[in-house]
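Consider the single chain below, provided in C-alpha cells and representing the form predicted on its own.
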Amino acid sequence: MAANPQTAAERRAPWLLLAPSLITLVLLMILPICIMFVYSFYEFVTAGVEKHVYTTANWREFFSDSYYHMFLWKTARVAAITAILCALLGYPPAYFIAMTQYKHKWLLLLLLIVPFWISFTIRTFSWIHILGEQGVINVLLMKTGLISEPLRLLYTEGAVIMGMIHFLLPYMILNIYVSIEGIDRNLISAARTLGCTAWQAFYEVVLPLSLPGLMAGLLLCFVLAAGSYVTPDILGSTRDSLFGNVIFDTIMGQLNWPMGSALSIVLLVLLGIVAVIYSRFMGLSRVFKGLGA
C-alpha cells in the first residue's frame, strides 16, 4: 500500500525546518572540529610549516609532558574556584531580585545585564586601574596609613579569579534567578503556614527547588572560566596562565598548529565530559533557559 503523501510530508516537515540550523551547525562547528582533529596528527616542521603525514607525536608529547598536565590541573582548579565564588556571590542578589515586591523588577534585571553592553576586554582592562600599584585600592590604603608601600594585587592568580568573577557573575545570577522565579509561591506560603520560619522555608523549599539553576550556573561558569585566556593574559603573570593561554601561545607564538590543535581537542573533550556528566544528572535545558532569560 502506498504511503499517505500527507503523512510523509508531515514527517519531512520538522527536518526541513531544522535543516538551516543543522547545516549551520555542521559547517561552523562540527566540520571545523573534525578538521582540527585531523590537523593534530600532522608533523610539525618549523614555525608555520608542517608535513601532511600522519603521526601521533603531538599526542605522545601531551600525554608524556607534565608541563601540559600542570596547566590543565591549574585551569580546572581556577575554574572551580571561580564557579564556587560566583555561586556564593550570585545567590543573594538572584534571590532578592526574584523575591522582591518592587513593581519595576525589570529595572533590576536591566542593571544586571548592563555590563554586557560594554566590551569584555575593556571591562577586564579596568581592573588594572583598581588593582595596580597606583590603583584605587592601593591609593586608598596608603592614604589611610594602613600600608606604607603598594600591595601586589595585580598580575596574580587572585586578580585573574576576580576578573573572571566580574565577567561570569551575571550568568550565575540569571540562572539562579530563573530557577527561583519558577518556584510556586504557594509552596512557600504552605511551609510558613505549617510553622516554618522564613529561614526554614528557604532551606526546606526555596534552596532545594533552586538547585537546578544553581548547578546550571556552576557548569556555565566553570566551562567559560576554563576556556578563558584573555583575563589571565591581561591580569595575570606568566605563572598565572591557564590552558587556554598555552593553546594561544602554541598556535600564535610558536605557530605550531598541529600541537595547538591537539591541545584544543583535549580541552574540548574534557569540558565536554563535564557537560555530559552534568546533563546525565541535571539536564542541559536549565543552562539554555538561563542564557535566554
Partner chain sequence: MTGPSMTTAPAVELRNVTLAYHTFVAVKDVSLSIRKGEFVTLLGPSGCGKTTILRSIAGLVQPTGGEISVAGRRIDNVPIHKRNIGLVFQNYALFPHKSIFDNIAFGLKYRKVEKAEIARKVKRALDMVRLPGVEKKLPSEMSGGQQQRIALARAIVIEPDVLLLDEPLSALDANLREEMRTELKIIQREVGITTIFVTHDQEEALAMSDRIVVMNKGEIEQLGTPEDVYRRPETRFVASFLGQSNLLPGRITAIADGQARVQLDGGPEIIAAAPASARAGAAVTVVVRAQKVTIGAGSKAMPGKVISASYLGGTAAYFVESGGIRLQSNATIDERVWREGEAVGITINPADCLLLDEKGDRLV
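Numbering follows the first chain given and starts at 1. Please read these numbers as outputs of a predicted model, since none were measured by experiment.
A second form of this protein, the form predicted in complex with the partner chain, is not displayed here; the remarks below concern that form.
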Next item on the list: Using a 4.5 Å heavy atom cut-off, indicate which stretch of 214-222, 143-151, 160-168, 198-206 touches the partner chain in the model of the complex.
Entry: 198-206
Notebook entry, point to check: If you check Leu85, Ala191, Ala76, Val178 against the partner chain in the model of the complex, which one has a heavy atom within 4.5 Å?
Noted result: Ala191
Checklist line | Ala80, Leu187, Ile128, Leu108 - the one with a heavy atom within 4.5 Å of the partner chain in the model of the complex | finding: Leu187
Notebook entry, point to check: Going through 13-47 from first to last, which residues have a non-hydrogen atom within 4.5 Å of the partner chain in the model of the complex?
Noted result: none
